[in-house]
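Okay, here we've got a single chain as structure tokens, the form predicted alone, with questions on binding and movement later.
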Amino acid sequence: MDLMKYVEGEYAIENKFPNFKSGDTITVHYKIKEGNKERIQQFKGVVIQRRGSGNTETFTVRKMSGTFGTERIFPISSPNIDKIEMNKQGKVRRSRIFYLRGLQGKSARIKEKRF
């Protein structure tokens, strides 16, 4: 048996998050430590990509703050993620939508999947 897979399985943190993919708009609630205090901050944006598998899986969220785009990479098995909320399901044809980086305004919108 592979030793790394054994250790990953032994120390895995099981989180119950909704199924989301690239193009979806989500809100990530994550914990921030400031000194000895802890608070929860929200990061709302569009999922650009999911990469990896198992405990090493990560996802990238891009949000627009005025005219500035901010991206953040979250590990899916991080103990600092409190919860993930699904806001909208996007209708995209790619799994990695890096072309959003070059778009602004109305052209950067993603169609919503009706269900």
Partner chain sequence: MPGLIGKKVGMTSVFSAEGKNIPCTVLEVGPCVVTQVKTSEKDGYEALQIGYGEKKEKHTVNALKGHFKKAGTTPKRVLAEFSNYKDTWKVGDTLTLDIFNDDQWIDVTGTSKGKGFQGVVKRYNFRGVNDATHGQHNRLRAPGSLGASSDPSRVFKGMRMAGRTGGDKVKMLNLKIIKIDAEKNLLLVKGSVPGAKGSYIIVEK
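Take the two forms, superpose them, and find the largest set of C-alpha atoms that agree within 1.5 Å; that set is the rigid core. Values in this document were obtained by computation on a predicted structure and should not be read as measured data. Residue numbers count along the first chain shown, from 1.
What follows is about the form predicted in complex with the partner chain, which we do not show.
Think of it this way: in the model of the complex, the partner chain has a heavy atom of just one of 78, 70, 42, 87 within 4.5 Å, and the residue is 78. Between 5 to 13, 88 to 96, 18 to 26, 102 to 110, the stretch whose residues reach within 4.5 angstroms of the partner chain in the model of the complex through a non-hydrogen atom is 5 to 13. At least one heavy atom of residue 33 is located within 4.5 Å of the partner chain in the model of the complex. Contacts with the partner chain in the model of the complex, taken as any heavy atom within 4.5 Å, map within 30 to 69 to 33, 55, 56. Superposition on the rigid core between the shown form and the other one places the CA atom of residue 7 2 Å or more away from its counterpart.
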